[in-house]
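Only one chain is included here, represented as structure tokens and corresponding to the form predicted alone.
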């Protein structure tokens, strides 16, 4: 080979070889995902492998959870924090604020690409919706739990956590609000609810999942329509406390005892869980009218499962009584939105706008 040709080829070959490590490093760069642990069944343990419904929640720490799914390291650079260690039915408003503030701090960090929150399933949907309202970020925030403890046969926590990290580290999940990954499905934190208590397919949305996770890859089919996260007017950084909001369940032969008790306890709003279209018994209407005149917000919701949809001025003259309707939100999510909304306004018309938009 002529010297002139060698002079051309050798530098080009050297340049290509020198560039290869940088290219490979770029291709193998993994997202940074932080897992915040709060307790729940996913951190629970039973006495034997046959105990899938009888167990103690919030027993396993975050380091042990992560070590139990070594495949997580193939998806992302993962680190964990134990924010709290409790069963989710015991989570308080202060716990919500504590968690929300830590999520916001991590979301502001340049070296964090996604956040996963392990959570008990009893109030998982409430925490997910709260974060969906108050976190000002487009980074993926995934709330995940399990229906069976890790000690049980066919435990679902390992795969749920694996899927949560996969979604949290994916660019496709950005800007879609707070998500819940359970039973291979990607659900909107706004819509999803726990619809049963002993099956792994417990979490459902009346409007269907947003997508699926299959072998660590997410597939998307629809997008959230309601305002959330970056488009929300609420910000966890501006919320110092949450007001007292009660939920009163209606039924045949109901009286006004619960409503009066909530008012005496200082409730700023009462979620009325009505039958059908948020109906209100004639025995209760006068009390709710009086409570509204005393400044307590009355919000009509429904205890119809899987899609209770409350229409304004149907069943009750909401305009006349100055009441609010919860739209399609179930009672527990209506309470979350009411608490957050009341940190910004006491005007019932503004509250109704928020229930339409969020």
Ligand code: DAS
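Numbering follows the first chain given and starts at 1. Remember, it's a predicted structure, so these values are computed and weren't measured experimentally.
There is also a form predicted in complex with the named molecule; it is not shown, and the following applies to it.
Q: Which of 120 to 128, 170 to 178, 233 to 241, 253 to 261 has heavy atoms within 4.5 Å of the named molecule in the predicted complex?
A: One stretch meets the cut-off, namely 120 to 128.
Q: Scan 97, 104, 87, 212 and let me know which has any heavy atom within 4.5 Å of the named molecule in the predicted complex.
A: So the residue touching the named molecule in the predicted complex, by this definition, is 87.
Q: Have a look at 268, 194, 136, 226 for me and say which one sits with a heavy atom within 4.5 Å of the named molecule in the predicted complex.
A: None of the others qualify; the residue that does is 194.
Q: Verify the contact flag for residue 146: yes if a non-hydrogen atom of it lies within 4.5 Å of a non-hydrogen atom of the named molecule in the predicted complex, no if not.
A: Residue-level check for residue 146: yes, a contact with the named molecule.
Q: Heavy atoms within 4.5 Å of the named molecule in the predicted complex: does residue 55 have any?
A: So residue 55 counts as contacting the named molecule.
Q: Please tell me whether any heavy atom belonging to residue 41 falls inside 4.5 Å of a heavy atom of the named molecule, as the geometry stands in the predicted complex.
A: Residue 41: contacts the named molecule in the predicted complex.
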